[in-house]
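Before any questions on binding or motion, here is one chain by itself as structure tokens, the form predicted on its own.
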């Protein structure tokens, strides 16, 4: 169960950066930002290894959602989010980085190697405000305000996607919203009708990954395990989706692990920039977790030939009262 240590991870202070320490000490400090990334079911499927001037970003397969994410798409997107936080923090503290995705074909657990050296200027697609938003950003599950996002803000958000082979599509089209809403309702019904899906979700709820106390986590685990909550969840998800002024989709030209890692990077960068405008995001994973629905999402995608990877909603709302817990660095450092 999460402890105070798992919540206090969010109270990071940049003034504590060991600027006169060794490079290894500075790199370990950067990990305090990497761990604040979002992940599917808040499973935090990452580990890190610091070696001299390099950080290896590792996939923790023990935290893979084998039912909800049987193709490991969300697993790699989650690790990509942590990677982006790491790079944003590195640039803020004046460190240059060279990354290699999936450097060893015979080691699927080694997602990325990042080699660091001194530098003084950030990448243009990582404005300084992103760093400030790392401990602020969170996934917001509330209804969003009936308030349009200005075109100039949408243009800024659109421009955050610079990776080759990755496309970001943002839409306020009410007909698209209606069609996606239908898919969300179907997705919830299909997934919650599967006892294996409910058992897996119940396990993680019981671990307290969503920040609930011990008793509420156990009650939630029992409820999900023994009650088909598909209808009630679909009603809730439909309501919050239709309240959202913008729906987004990140898609890729190739359906491979490198693309999924890059999708995670773009999504995290987008979420951080959005947070600087008081705009929050929430993934809608169920519509790409069910294969037949993913095909329908692809048909709605204006980027012909691109594979849907990460649908989400965006909008203004009050910030959530509490952050979800995170494993401290010493728990994820190899």
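Quick caveat, the model's predicted, so the values are computed rather than measured. Residue numbers count along the first chain shown, from 1.
Just so you know, the form predicted together with a small molecule exists too; it's not on screen, but the next bit is about it.
Stretch-level contact analysis of 105-113, 130-138, 245-253, 153-161 against the small molecule in the predicted bound form, using heavy atoms and a 4.5 Å limit, identifies 130-138. Residues 77, 284 and 326 are all found to lie within 4.5 Å of the small molecule in the predicted bound form, as judged by heavy atom distances. Only one of 42, 53, 28, 301 lies close to the small molecule in the predicted bound form, with a heavy atom inside 4.5 Å, and it is 42. Residue 308 falls outside the set of residues with a heavy atom inside 4.5 Å of the small molecule in the predicted bound form. The shortest heavy atom separation between residue 10 and the small molecule in the predicted bound form is within 4.5 Å.
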